[in-house]
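Structure 1 and structure 2 below are two forms of the same protein chain, each written out on its own as structure tokens.
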Structure 1
Amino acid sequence: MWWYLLKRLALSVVIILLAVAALFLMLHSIPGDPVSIALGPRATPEVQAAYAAKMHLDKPLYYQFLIFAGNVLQGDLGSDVFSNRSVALTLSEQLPYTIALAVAALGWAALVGIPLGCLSAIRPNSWLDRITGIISVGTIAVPSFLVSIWAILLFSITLRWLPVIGAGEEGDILSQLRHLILPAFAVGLGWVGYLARMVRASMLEVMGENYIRSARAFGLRPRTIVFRYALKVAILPTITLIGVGFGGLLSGTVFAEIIFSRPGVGKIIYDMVLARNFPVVQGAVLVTIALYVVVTLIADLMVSWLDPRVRESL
């Protein structure tokens, strides 16, 4: 177990380091000389040289990279080009909104999708199973940004039930929840289908195992067998799927944040790309990667903790 943990942690660190290096190189490939941009065209060569020395711009590339990586590891992501505000501070304000949206979306999808998958696995090819199959493919087929737009059209503009713009009044939980409903619905809808199909497939596989046959021989009800005994094992591939699919979930939150004008990491990346405010873009992308790496790490560790066979194989 410890060996596995160590290997898995090393992989996460490598991915983050690769991402930092890629971002650094991308930033360096932007055309333009940072010194003349910062000081303007009328600065004398002496002033320019002094500025370059102060910002370590006269040092070789690998030295600059080490400084950059060191700053990132210390939590210093640089500062906003326009407001000179700390990027780390801005992001720490935005991150909770994104996490709340991702958790709400995944949460409602799991609450609906996992039971649906179980119910359709109890009786394969029954009418319930067929309907679930159609719903799954249907929800996967509609891209989340289209769900957002159509949900706004139906629930906000035609029926006037729910608000469209923003994340709600600060401090007013009820208003914030009302603003969370539509984005979470849109981001999570596709996941209902994914989860239902995944749970159904692995449940059908588990149902063929010996211990399920024993349970059946003892005369337990199919529902009890599925929900109490089989689900524990059948849920494992689903956890892995959530870990792997978290990147897709983040893509969904980016669209939802932009369409609903919600604050969040995705919205800030989009706005800052349009404003060409690179330090903020870079910091936000890094934070997203870190978030992603942490989530996959947790998912993998959970699976290996629940299923001893996995940790043997790695």
Structure 2
Amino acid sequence: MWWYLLKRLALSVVIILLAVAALFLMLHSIPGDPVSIALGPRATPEVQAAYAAKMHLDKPLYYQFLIFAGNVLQGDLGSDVFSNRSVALTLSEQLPYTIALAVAALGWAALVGIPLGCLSAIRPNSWLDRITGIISVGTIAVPSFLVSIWAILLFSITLRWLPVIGAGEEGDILSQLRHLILPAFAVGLGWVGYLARMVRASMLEVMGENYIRSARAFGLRPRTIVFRYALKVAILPTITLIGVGFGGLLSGTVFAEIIFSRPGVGKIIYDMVLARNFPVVQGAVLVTIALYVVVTLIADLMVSWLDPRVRESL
């Protein structure tokens, strides 16, 4: 297990380093002078030269990358171009809102999608299986921004059950939870179908294994066979999907954060791209990539802990 952990950690570090290099090259390939963007068109040549020297923009590209990578490894993501505020501090204030939204969206999707997939696999080709298939395909096909708009029209404007704007009053947990319901519903609805289809496919494969036939031959109850033996193995691909899905939701919540005017990393990236505030953009993207890699690593470790065959195959 420790050897597997070390290999996965090394691979995660390599992925993050490659992501840092790719992000650096993409940002420097964007047309436009970063000095003019930061200081404005009225800055004198002396001020522009001083700013370029301060930000090492007058150095060769490889030298800028080494400084950029070294600062990232030290946790220094740079400063906001306009306010000169630390990017790391700004992201530390906004990141909890995005994580809460991703956890809530994927959490309720798993609570609904996994049982739906189990019920569909227990009775394949039945009316329940067909209804589950229709629900799964329907939830996958509808984009989250469209769900967000319809949810606002129905639950906020027509029924007036839930608030729309913001993330709730700071320190008031109930208010924050009420403001979280609609965005989490809109973001997580599509994942209900993904999880249901994944669990159904895995369950159908596991239900045909020899040890499941043996359990049936011994007269065990169907509920015991499904939830104690079959689901324990069938859930492994779903854990990987949840890990990948959580990482994807960290960047995919941008539509919900914009539509519901919620604070978060996605909204920061959108606003800062429009303002050409590249230090904040690159810091937010790097934090998102790092979280994506960490969550995927945790999911892989959980799968390897539950299934020793994964560790032995690497």
Partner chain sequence: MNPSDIPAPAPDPVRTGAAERAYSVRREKLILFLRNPQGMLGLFLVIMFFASAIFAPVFATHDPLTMDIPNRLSGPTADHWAGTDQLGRDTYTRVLYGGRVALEVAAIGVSVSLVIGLVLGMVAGFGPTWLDNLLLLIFDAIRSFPTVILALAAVALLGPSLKLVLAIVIVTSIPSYARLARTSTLALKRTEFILAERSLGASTPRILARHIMPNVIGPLLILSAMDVPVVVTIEAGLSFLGLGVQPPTASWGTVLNEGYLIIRDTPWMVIAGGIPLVLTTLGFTFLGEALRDIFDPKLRKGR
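For numbering, take structure 1's sequence and count from 1. In this text, all values refer to a predicted model and were calculated from it rather than measured experimentally. Rigid core here is just the name for the largest C-alpha set that superposes within 1.5 Å across the two forms.
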Pick out the form predicted in complex with its partner chain: structure 1 or structure 2.
-> 1
Rigid-core frame, C-alpha of Ala69, shift of 2 angstroms or more between the two structures = no
Quick one: once the rigid core is lined up, does Ala49 have its C-alpha move by 2 Å or more between the two structures?
-> yes
